[in-house]
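Next up: just one chain, as structure tokens, the form predicted alone.
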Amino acid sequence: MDRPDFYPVRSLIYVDLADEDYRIKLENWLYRYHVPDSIAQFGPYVSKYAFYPALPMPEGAERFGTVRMQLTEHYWLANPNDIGFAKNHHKALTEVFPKDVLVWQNNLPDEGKSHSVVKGESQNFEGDDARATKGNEELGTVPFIFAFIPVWWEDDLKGEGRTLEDGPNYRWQFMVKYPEGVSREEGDKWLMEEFLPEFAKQKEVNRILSSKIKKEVNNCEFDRVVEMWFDCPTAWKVAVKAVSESVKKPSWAETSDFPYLKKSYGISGIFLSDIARSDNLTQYRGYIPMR
């Protein structure tokens, strides 16, 4: 019998927010429709499915392509894109994924306010097609970032041995995409030998971890993910200011200003706490409103 390979891997999805008016609409869709749709599809071969809400953006963070809604995290036991093991591969139900969701998430242009999910009145996307949305830099929209990385971090650059007793962590997670024509090896040489070491020197930085993105899983265009921990937003601002004044611009820089990568298209990130709002596989009980 053909069957998928055991393939433990972690995935990260960055969810942006086009306008504060859309936050409750996007939250409603996520918890009312998307969570049960997702669990129904991959529940048998996913061991963790969690939502981490984005923390408020510190001053200056917009330049780093910071998203404003949430991080969605999965731990997969099988490669979700490996359907070659089955001669026929059909979903019993199509996801509820209206076009408006991509507008709320800032992946498609906003053509008006107060969109809502009304069955029959909104174009529905097949989920995988929606997740392949590239965004449009000229229109101010952002790509749908869906990256697969190893279960464990590959590179530990600072702070090994930190425990919960050392206090809560203000986490800055971000992904980088090197410019066209720049190999991952060349880009990594600058990032891993110049950019991140300058952050490691800063006393405000408690932890630095990184992994290469497994581009072969779903053709993600981003190259590497990095996570840094700080005590608070102020510590982040102090460290970034110091590093911006010391790190050298690479010869292949996309922009003249630090961090020398295009906002949202060369670098994108999110600010997080230590814990998830919902580990959906164990905590989700349906969309239960306040009454």
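All figures in this text were calculated on a predicted structure; none of them were measured in a lab. Start at 1 with the first residue shown and count on from there.
What comes next is about the form predicted in complex with another copy of the chain, which is not displayed.
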Check whether residue 138 has any heavy atom within 4.5 Å of a heavy atom of another copy of the chain in the predicted complex, and answer yes or no. no
My question is simply whether residue 168 lines the interface with another copy of the chain in the predicted complex - judged by any non-hydrogen atom within 4.5 Å. yes
Indicate whether another copy of the chain has at least one heavy atom within 4.5 Å of a heavy atom of residue 196 in the predicted complex. no
Would residue 249 count as touching another copy of the chain in the predicted complex under a 4.5 Å heavy atom rule? no
Region of this chain that lies against another copy of the chain in the predicted complex, out of 177 to 185, 196 to 204, 138 to 146, 154 to 162 [heavy atom, 4.5 Å]: 154 to 162
Just one of 71, 191, 220, 102 has a heavy atom within 4.5 Å of another copy of the chain in the predicted complex. Which one? 71
Counting only heavy atoms, which residues in 266 to 291 are within 4.5 Å of another copy of the chain in the predicted complex? 272, 273, 274, 275, 276, 277, 279, 281, 282, 283, 284, 285, 286, 287, 288, 289, 290, 291
